[in-house]
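Listed next as structure tokens: two forms of one protein chain, kept apart as structure 1 and structure 2.
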Structure 1
């Protein structure tokens, strides 16, 4: 889940990156063979300035990047692995799909065989574990970012609705998701022509991601039907829909992106990477957005790994590149330029990161907020079709939003559709 904002910010990053270009010189490959490494991503990870730096230090390496939409990228990777053709040397995998690939580790280079084991302490323990196969013998991906959650909100819309605008006071409005929905009802009563949230799906997913167990148990059994946390999240989200709080937008669509600029909704669940989408799509709202605590405490939404399909011809060189791209210094540069928060805890005491803020977000202390969020995350087991399950439930919520089904009928269909994924 990334944005084209990275392209805009690329020139800003270059100056800083060039100053440290020499750091990559010690990683020169032994030979002078001309090698092209293909990198496939979903959205823009902000890697382009880093590619330039890496290629200067490794003149025999050429890096080519291809970017697809989130769903198309992962479906293509599934197809490429099945047909053993078409995968890039380096493939990004979002956490929603990661378990489906760690379940088939034989299709990826084992990064432990390439030396990754010595780097384990570099990552949050749960982030490292997410990249391991079920038997813990194969590491298929090195972590990029983590999605510790916060709540982004429009101060001008809150003020117009008679709600507090100070981020600490806003955080006090919603210690729980029930409080969040109650605040939404206050908002709608005061500002009936706008919406409290952009879509209901993110609220539902945030609640489930915060629970001790989500849509799978630790044995990879689907527990959507029977997990009280999932049903509670569904019912409260339906409450928000029925009180007209949702703008009924489908995430990642042109309409969803345009709504940021139009200022038609007041809050959005905000993992660190979401800040880039807001800044890109609401350019005229600089200083009007701020960041408060997420209801319900900590949780992680999103985050990715970089993996090496066995189809790739240059495993050693591809590994050296992803090792460098995911090193703490590179993750910090990416965060400051794009919002993707590092998965490497050695940075969490770095004043250059913890003291980072942005005028666009009313100088909210983004580094401090997202550091605290990442440190508080209690990891949740992710099952093999996690992304598909959330998409299926999100479709059910969408049918309610669009008036196509009653909440009861939508839930029944969700359970039936999810059962087909088992």
Structure 2
């Protein structure tokens, strides 16, 4: 992973250096005051080479990065906000947590006051909206990546199960999620020893994220009980579990990581950022993975924003930095390095992006697939406890997978647990 990453980064860094050299005369450093900007992220955003580029153009700025894992990052961010000390100047916020901050935006700098309003047209409209507070008066964060969805699959397992392996043919297998589950049944009939999907929770989540409304209505009221598309997603997922399609892996466990390379399962819902995990976890399976369209059209899963906590002292400089980091040029570099897909549509016609492919994924046109997916996303309102609600429902599906509960009991318990969240 490391060496391949470095190999990919090298040309980008060279390009970056050339770019800075070219425009060096325009960008004069603003002040002489030495300023250190702290950036706190979860996982690697691929920013490191960009910092060097930025520091060259702004000699008075030093950038320090700290990385922790997803849950730890957000939890410490929240305690830093609550105690009003310790937060970095720039904090990454994932969409699962973003909605709890847009509901109480007072602890962040309003980027609109710093002049972000003029940049609005850079972003996908829904990505921009996600960063706005409930009253639309405060902008909390500038968008980094979006999780436009696709479906990653193993060509060797598909072949063994007598299914087509060509990605266009595979996409035709599942225009809808019903077709996807039906394909899973065909798969199980031909290859009963392996599994069709890694875990049912992702399929459920993808279906709900594609619906016009998800687990919240526009007034932030929980509608898990009343929303027919949620129930439909649940029932179809239960159908898939009952026909033994799920490998019942829980994400981010050692078993899950190992399963990518070992061919335990054949398909996984694949937001752009997932490609990096597949590549890391399945080094030996290079070329066996391919990418097809996701059933049910498009939808976004995951994606982040960069936000500036109010306690940060250098709001202006920090804003300049996130403005630069999230600008289309930089998002493109990040996509090529890490797979995180840009949220800035001006790139979606850039041949450099649309023509991007990777040998690891059997040269699947990743740029084209994820562009199509990101463009087709219909915005969906996300409520304050979005992440917790999905986790609660995911646990319910897990109980069915592990044979602890009947689908009816699991649904009843999910509704009771979700009601307690409100």
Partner chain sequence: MRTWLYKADTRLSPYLYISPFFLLFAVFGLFPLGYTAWVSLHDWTLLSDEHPFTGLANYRELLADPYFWNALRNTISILLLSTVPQLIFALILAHLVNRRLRAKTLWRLGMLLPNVTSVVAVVVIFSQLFGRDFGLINWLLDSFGLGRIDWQAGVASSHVAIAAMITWRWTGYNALIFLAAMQAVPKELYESATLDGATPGQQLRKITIPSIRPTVIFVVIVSTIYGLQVFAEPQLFAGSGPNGIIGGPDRQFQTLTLYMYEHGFNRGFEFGYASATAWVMFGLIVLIAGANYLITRRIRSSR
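Keep in mind it's a predicted model, so treat the numbers as computed, not measured. Residue numbers count along the first chain shown, from 1. Superpose the two forms; the largest set of C-alphas matching within 1.5 Å is the rigid core.
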Any idea which of the pair is the form predicted together with the partner chain? 2
Large Cα move at residue 385 between structures 1 and 2, threshold 2 Å, rigid core: no
Once the two forms are fit on the core, has residue 362 moved its CA by at least 2 Å between structures 1 and 2? no
Is residue 353 among the residues whose Cα moves by 2 Å or more between structures 1 and 2 after superposition of the rigid core? no
Following rigid core superposition, Cα shift of residue 87 between structures 1 and 2 in Å: 2.4
